[in-house]
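Next up is one chain by itself, shown in structure tokens, the form predicted on its own.
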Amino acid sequence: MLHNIIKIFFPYSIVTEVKPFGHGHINNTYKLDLRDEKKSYILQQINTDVFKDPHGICDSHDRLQDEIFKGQHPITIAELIPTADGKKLYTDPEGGVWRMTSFIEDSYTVDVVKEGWQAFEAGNAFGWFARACDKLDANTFKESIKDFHRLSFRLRQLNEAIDADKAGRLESIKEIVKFYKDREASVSAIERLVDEGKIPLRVVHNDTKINNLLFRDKSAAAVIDLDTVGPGILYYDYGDALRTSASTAAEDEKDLEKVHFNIDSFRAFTNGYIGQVKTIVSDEEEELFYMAPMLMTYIMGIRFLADYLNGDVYYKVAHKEHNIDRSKVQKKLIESMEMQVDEMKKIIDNALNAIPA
């Protein structure tokens, strides 16, 4: 089966090896090598249950590489490899949708930030990506997953889950629900400014976990997993990266004493990210940058909370309290951010006003 699909892209090449690759949970991914070629390639079957418009995500990727490959850059993205007849995708007889990309050689991923240089390089890479996309018109890009980061949509899901209380769990977690509801007005301010056009819509990555970067030696080499790229705001990428990379504990840590927002990781990431984007950031965006990690942590917290109230129908769980444990971790992170908000503002201001070395 796989060899037949590879022939659609490389009809005259001989495959020397093809094997599963990576730890992704959405697409089926394979690495392949061809005889007489030094380069390797990545073959993916796109999960069309998650990405319902695979042609749309490939069109976005194609437009990105047209923009990014115009010049020489220290950071890159994978290149789409067309089929032998020039198409971006191949649909097999069973309806599976496949694409081929280049493989970024001599690279590795990082799952957890353990050193300051990793946080700085992550900020530098995702900031570079935002700046590289600055000339692209966000209104001409499609959302790969509708309303993925839209707070009002996630709040509506939460309110419906509270009203329905399908799993009969509301009574036991009223304090946690109150925590999130008490902060609803303050975090909603950002979406209002976006809708009013005061915070610009941009082309952003939308899924800035640190393992969506490839490193080479001690530098970020490539931004990967581009399926979520589309309209959004800088806060989505900046905030979600910090939600994960500046947390001192796992997303489902039971011992909340271990959960803190690491201000040193925040500083390193911010210096890298702001150093890249400060020439494109508007005055309005500067004002609320400090809110971005809180916004994205809040969104994930209420998503876990809604799923817990609904009976764990969306996220995979290992035990019945798994989703509420996840939501409690996000709650603790927000509390830790709130205690350090003045320092966060100072770090962002210093990064915005720093003179380039």
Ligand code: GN1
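Here, rigid core means the biggest group of C-alpha atoms that superpose within 1.5 Å across both forms. On a predicted model such as this, the values are computed, not experimentally measured, just so you know. The first residue of the sequence shown is number 1, and the count goes up from there.
What comes next is about the form predicted in complex with the ligand, which does not appear here.
- The shortest heavy atom separation between residue 240 and the ligand in the predicted bound form is within 4.5 Å.
- Contact check for residue 117: no non-hydrogen atom falls within 4.5 Å of the ligand in the predicted bound form.
- Taking the partner from the other structure, the ligand in the predicted bound form has no heavy atom within 4.5 Å of any heavy atom of residue 318.
- Interface residue remark: residue 286 is not counted as part of the site for the ligand in the predicted bound form, having no heavy atom within 4.5 Å.
- Taking a 4.5 Å heavy atom cutoff to the ligand in the predicted bound form, the contact residue among 212, 76, 188, 262 is 212.
- Residues within 4.5 angstroms of the ligand in the predicted bound form, judged by any non-hydrogen atom, belong to 140 to 148 and to none of the other stretches in 163 to 171, 140 to 148, 84 to 92, 188 to 196.
- Taking the ligand as positioned in the predicted bound form, the residues of 290 to 305 that bring a heavy atom within 4.5 Å of it are, in sequence order, 300, 303, 304.
- Once both forms are fitted on their core, a CA shift of 2 Å or more is seen for residue 250 between the shown form and the other one.
- Annotation: Cα of residue 154 displaced by at least 2 Å between the shown form and the other one, core superposition.
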